Ligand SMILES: Cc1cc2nc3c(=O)[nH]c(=O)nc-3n(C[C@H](O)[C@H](O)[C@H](O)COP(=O)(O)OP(=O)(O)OC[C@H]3O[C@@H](n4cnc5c(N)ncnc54)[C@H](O)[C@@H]3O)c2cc1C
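A single chain, nothing else alongside it, follows as structure tokens in the form predicted alone.
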């Protein structure tokens, strides 16, 4: 059927990474008619390159820790219940990679309610002296999911369009994306170029590289140290990956050195344990997005031009309550999960569904509008 003959959707989701796929799955499961769009295919970017670990974030008390603790529990239940065929449940050993990280680990151990225990002797014998002597925490239950497998499974039953979106138009109470129409629009495009003038959104691109290998070394648990080392849902295959340690931007114009990236991953993995008889099978690479304050984003987007026209004194630092900003209608962004995309996606998608279907207010802590006042003030100095 030609796109022009398709009746309006309830929701269009742009971006088919884990946030977009999980949002589409959750909204579709709730009975909404959903269109999912991505020019490169499902899980073609940073999500497809992710290690996809369902791990708690080791951090000290604060808003982020509370969100991540809740998200971690929800993610474990979500994947093991709905997608067990793409989920491998294994113990998880997190080893501090620096003295500063060690302080966080020790603090976390004393405060967390997540079940943890002593490292089994069989795992201790695998570790390097550096890994043995560092602060660590051994969780009885962690998980890793097949990133591309689970994203494709979540997109099943949802209408998928491999389209390049260059313009968004809101008219007649609907968002128009090419010839597709929907009342609600969800932007889940990560750190890739923005489709609206929302320069105030504080995103940073994080390049990730993962390799799948065969090795004669048996890996009995998920290991996080300088890099992540983990068994996978594919029998006999081990994944090694890093999010923050491989710095590269695909927008720099420079080609990424895959061989060097592999060598860095293997070198850092050797700081945790010895891997024997390595055979590299495949590389996965992509750009993930994080926020400048490390919190994820879920919320409506401010129409910056209209808001500053109404409240020009914001450029001089005068406060305006965020409820008074002018927002794009029925437009929500879900973004900035960093290296915890697969942990946060079910948590964010659930709250997105409650907002769109039940009109339940979104947590203002996660709103992209949190970056707007500072940007507006800074803009006056740049004018």
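Residue numbers count along the first chain shown, from 1. Keep in mind that what you see is a predicted model, and the values were worked out from it rather than measured.
In what follows, reference is made to the form predicted together with this ligand, a form of this protein that is not presented.
The contact with this ligand in the model of the complex, taken as any heavy atom within 4.5 Å, belongs to 49 out of 314, 49, 58, 67. Of the residues 100, 274, 282, 164, just one reaches this ligand in the model of the complex with a heavy atom at 4.5 Å or closer; this is 164. Residue heavy atoms within 4.5 Å of this ligand in the model of the complex occur in exactly one stretch of 319-327, 351-359, 59-67, 35-43, and that stretch is 35-43. Though the partner is left out of this view, residue 195 does reach within 4.5 Å of this ligand in the model of the complex, counting heavy atoms only. In the model of the complex, this ligand lies within 4.5 Å of some heavy atom of residue 18.
Within this chain, residue 14 lines the site of this ligand in the model of the complex, having a heavy atom no more than 4.5 Å away. Using a 4.5 angstroms limit between non-hydrogen atoms, residue 71 is distant from this ligand in the model of the complex. Taken together, the three residues 202, 347 and 366 all stay farther than 4.5 Å from this ligand in the model of the complex, as judged by their closest heavy atom. The partner is not shown here, but in the model of the complex the stretch 278-315 reaches within 4.5 angstroms of this ligand through a heavy atom at 286, 287, 288.
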